[in-house]
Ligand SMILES: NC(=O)c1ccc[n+]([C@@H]2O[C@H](COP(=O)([O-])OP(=O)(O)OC[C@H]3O[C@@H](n4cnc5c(N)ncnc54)[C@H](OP(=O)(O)O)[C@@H]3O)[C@@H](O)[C@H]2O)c1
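So this first bit is one chain, no partners, the form predicted alone, shown in structure tokens.
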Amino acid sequence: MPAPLDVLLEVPEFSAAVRGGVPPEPLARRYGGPLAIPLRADRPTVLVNFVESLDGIVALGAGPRSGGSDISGASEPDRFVMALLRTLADAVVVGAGTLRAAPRHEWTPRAVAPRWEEACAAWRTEMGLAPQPTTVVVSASGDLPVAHPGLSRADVPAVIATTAAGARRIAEQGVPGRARVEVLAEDRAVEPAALLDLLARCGTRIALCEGGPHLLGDLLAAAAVDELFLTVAPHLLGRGSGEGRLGLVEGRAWPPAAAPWVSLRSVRRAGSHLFLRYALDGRRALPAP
């Protein structure tokens, strides 16, 4: 049995409406205690989960082997925490770049932590959730690998949030498996407000965003992020000219006076990996950069 995560800091949760709490015993023992997510009354609660290097890299460029597993060093504790968050979520939201960077992945708890599949499934049943979270892919252009397994698993619902132009492009390739296409804009961009509305119409109480950094930037600009779960890997990757390596937030920049601040909620450790949880103040939209 893997060792429990070391709990270095835990701020008690005082919200009246939460999902989660104490998970089934093996999960609680490994995580080092409860995991509860406050639920908003006005819209879906949006969680964000990323792994970054010590110098802030979250993506290594285009193509496969550019994402979290290589940055974390295939950290098993990181995959365990990812599975817990997916277990709590109604929907896992990713951008097209994240989809392309993981050509064989599906956005379910079992895909990242098969050892804990039974316990995660039992917790979802206990909470009255569907067997698997819905995969929501955001792509304005519709330029997607429609044969991707994350869009075609028989037991994993999938939604593609796109524009009218993007929907036409997807239709030309053939809509994959169980996926359905939702047109949220005429062209150019899928706005966070429209995405939140779609999630609400799908019955989502908790949405987990797993990337990429441009999608996170848009969500932050719309004050649509409630909590950030950030794994810091003891890895120094650096940036070279033209490599396309990305930081946690891309496509947006704010002056310090307007930038979002966060409050530290918990710190856990596995070896030299740190697992940080932050709460954001989502009451106001941020000015455009």
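All values reported here derive from a predicted model rather than from experimental measurement. Position 1 is the first residue in the sequence shown; the rest follow in order.
Omitted here: the form predicted together with the named molecule. The next part is about that form.
Scanning Leu220, Leu35, Leu228, Val58 against the named molecule in the model of the complex with a 4.5 Å heavy atom cut-off leaves one residue, Val58. In terms of contact with the named molecule in the model of the complex, the residue from Ala96, Leu88, Leu198, Ala111 that brings a heavy atom within 4.5 Å is Ala96. The stretch among 148 to 156, 208 to 216, 172 to 180, 125 to 133 whose residues place heavy atoms within 4.5 Å of the named molecule in the model of the complex is 208 to 216. A residue is said to contact a partner when one of its heavy atoms sits within 4.5 Å of a partner heavy atom; Arg79 fails this definition for the named molecule in the model of the complex, lying far away. The named molecule in the model of the complex is not approached by Val46, whose heavy atoms all lie more than 4.5 angstroms from it. Contact check for Tyr31: every heavy atom lies farther than 4.5 Å from the named molecule in the model of the complex. Under a 4.5 angstroms non-hydrogen atom cutoff, the named molecule in the model of the complex lacks Leu84 among its neighbouring residues.
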